[in-house]
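For reference, the chain that follows is the form predicted on its own, supplied as structure tokens.
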């Protein structure tokens, strides 16, 4: 199976209080795809992302990344292949400088400083943040912090990047800048978002999750054009598609 593939088979997940967040979810993402995960609040989007990245484990069912099944004994290897960009960049940035934050992951894997420096420069270049290397993260704008948090993941050179609400808090200029960055990435991308215009700009396919189940999936313009479907699940057709 090609590097960058995701397969979820009949996955359910219950939180310790008994809340069932996911119910018999099955989906497949091919290597190199850019997919939007959409749905109302409480649909289970973030829970699904946490399962894919090994932060949680299914109550039942199977998750495979690059053909490897997620289990406690494989999660360390899988986390090298899949990078998670958190909804709040402040959950990801904690070092004195941007350079140190982006270098943290490669250093933790035991790479030498020459390789760490190569990865940091490449990651910062990829998100247009090369000039921020010596800045403290708390001095950055929201858009800059989002770019740097993505760079911390790219420095690990994952085959898959998973993003939780990457457009939250961004102004229109910041969303356009983020869209350009995401479009330039060659790795597989799965983005959970309420910003359907950002999804239109960066993804080819969408998966609609509601009540912890997959209720629809398909080419993004077709799915978003179904007004009855969108309305039934608390979503509005994105502005960028309303003229079609």
Partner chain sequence: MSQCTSNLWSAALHADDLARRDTWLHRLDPRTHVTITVAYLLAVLSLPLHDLSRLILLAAYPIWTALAGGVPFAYLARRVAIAAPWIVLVAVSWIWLDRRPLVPGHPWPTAGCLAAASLLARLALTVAAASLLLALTGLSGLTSGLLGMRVPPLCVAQLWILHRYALVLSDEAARLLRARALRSAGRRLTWRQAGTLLGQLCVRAFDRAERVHRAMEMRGFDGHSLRAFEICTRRLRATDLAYASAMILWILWARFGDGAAGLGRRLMQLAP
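The model shown is predicted, which means the values in this text are computed figures rather than measured ones. Residue numbers count along the first chain shown, from 1.
The discussion below concerns the form predicted together with its partner chain, not included here.
- Only one of the listed residues (115, 125, 77, 90) places a non-hydrogen atom within 4.5 angstroms of its partner chain in the predicted complex, and that residue is 90.
- Contact with its partner chain in the predicted complex, defined as a heavy atom within 4.5 Å, is made by all three of 82, 110 and 145.
- Its partner chain in the predicted complex is approached by residue 96, whose closest heavy atom lies within 4.5 angstroms of it.
- Proximity of residue 47 to its partner chain in the predicted complex falls outside the 4.5 Å heavy atom cutoff.
- In the predicted complex, its partner chain sits beyond 4.5 Å of every heavy atom of residue 171.
- Taking the partner from the other structure, its partner chain in the predicted complex has no heavy atom within 4.5 Å of any heavy atom of residue 183.
- Of the candidate stretches 172-180, 54-62, 28-36, 195-203, only 54-62 contains residues with a heavy atom within 4.5 Å of its partner chain in the predicted complex.
- Applying a 4.5 Å heavy atom cutoff to its partner chain in the predicted complex picks out 152, 156 from 150-175, in order along the sequence.
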